[in-house]
Ligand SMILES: Cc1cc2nc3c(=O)[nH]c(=O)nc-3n(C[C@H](O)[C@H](O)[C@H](O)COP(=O)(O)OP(=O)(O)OC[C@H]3O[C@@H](n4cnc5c(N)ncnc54)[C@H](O)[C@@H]3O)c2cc1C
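Just the one chain here, the form predicted alone, laid out as structure tokens.
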Amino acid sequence: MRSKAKTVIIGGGIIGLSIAYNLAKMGEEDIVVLEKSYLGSGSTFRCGSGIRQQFGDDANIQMMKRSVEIWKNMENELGYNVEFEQGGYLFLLYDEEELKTFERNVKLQNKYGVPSRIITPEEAKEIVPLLNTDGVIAAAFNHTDGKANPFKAVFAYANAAKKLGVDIYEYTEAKDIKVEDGKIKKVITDKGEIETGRVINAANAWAPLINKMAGVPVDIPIHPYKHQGIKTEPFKIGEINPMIVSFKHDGVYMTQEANQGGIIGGYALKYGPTYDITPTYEFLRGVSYRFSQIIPALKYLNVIRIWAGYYAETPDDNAAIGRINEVDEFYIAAGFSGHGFMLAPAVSEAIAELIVDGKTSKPLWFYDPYRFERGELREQAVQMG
């Protein structure tokens, strides 16, 4: 392991790896990524694979529009097929209040060039013929939303970063950060020390621990909540192309894998705060029931895998992204509340611009880590699962 680095990134999920890649792409050298387990082992490999632009605020819509542009070109840029597929997101709407909210959201999304629209139950059934539309009065659909393979995306960013000179150390845990007179001096790991003047906290659910090591004085409330997902045996490929979401059914979401044909998804049952990721029978029973309410044919499928992971949640379900003023060259990009996988391309680009150029045109002000202490919470970001 090297003993010196210009930049140390703590966290080997898609956020940390994509930041490393973008920094190296912009000409930065001597970059190290530390991951205490294997790459993607935190939230990335446990996510539901969805990528959507259908948010209810300007900043997330703008960021996700840019992310989708990057996702579309990722195979060409990184040299690896991440299985990005634009099958769309389909939100099922069951009452007038819900419809009004999504009509407002669609109008805002259209303002930024996101082609979402309100459709009829009949149109929704044309998109997913197996769909149960009983009680559905409308749906919100955007055909440019989609999904990608989290495992392949992590590998693609890691491999591309390595080719640009980034050193990635798995099974290497950050134990402490030495700061003197507001300046970072070194990161101490269980494998040795790295002299550095810059640290990026991309540890997501473990971000508060990293902040504490660096003596960050601002309170950035990020707490890990256990969410779970399942995968079924293969189904006829192409039957469920979009990500289907229903808030009436407790935030259930599901989609079909692009290549293997299994149905993956979950619903908004959560436990915590906790670092426990033991799957529960309560979830398995609940998600099976909700899946079959949306797609009755799924009740005949066998579940072949159940897993749990973390949503690193903030009070408004939006991430904390930016520079920490009290510790020179300390940055945070964490607390993504279930949106880290989809946001990673745009967030990492913005952080790299902020570090290299001192500014970015992307709306990072929205994710200001200091907003919590000021009591300026954002509009609650939409979560599924």
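Here the structure is a predicted model, which means the values were calculated and not measured. Residue positions are given as counts along the sequence shown, with the first one as 1.
Beyond the structure shown, there is the form predicted in complex with this ligand, which is absent from this document and is the topic of what follows.
K.L.:
With the partner left out of view, is residue 240 within 4.5 angstroms of this ligand in the predicted bound form by any non-hydrogen atom?
P.N.:
Contact with this ligand, no.
K.L.:
Since only the chain is shown here, I'm wondering whether residue 323 would be in contact with this ligand in the predicted bound form (any heavy atom pair within 4.5 Å).
P.N.:
The answer is no: residue 323 has no heavy atom within 4.5 Å of this ligand.
K.L.:
Considering non-hydrogen atoms and a 4.5 Å limit, does this ligand approach residue 204 in the predicted bound form?
P.N.:
Yes, residue 204 is a contact residue.
K.L.:
Mark residue 88 yes when one of its heavy atoms lies within 4.5 Å of a heavy atom of this ligand in the predicted bound form, and no otherwise.
P.N.:
No, residue 88 stays farther than 4.5 Å from this ligand in the predicted bound form.
K.L.:
So which of 196, 142, 228, 105 reaches within 4.5 angstroms of this ligand in the predicted bound form, heavy atom to heavy atom?
P.N.:
Flagged contact: 228.
K.L.:
Please name which of the stretches 178 to 186, 303 to 311, 76 to 84, 287 to 295 has residues with heavy atoms lying within 4.5 Å of this ligand in the predicted bound form.
P.N.:
Checking each option against the 4.5 Å cut-off leaves 303 to 311.
K.L.:
Can you name the residues of 152 to 187 that have a heavy atom within 4.5 Å of this ligand in the predicted bound form?
P.N.:
Read in sequence order, the residues that approach this ligand (within 4.5 Å, in the predicted bound form) are 172, 173, 174.
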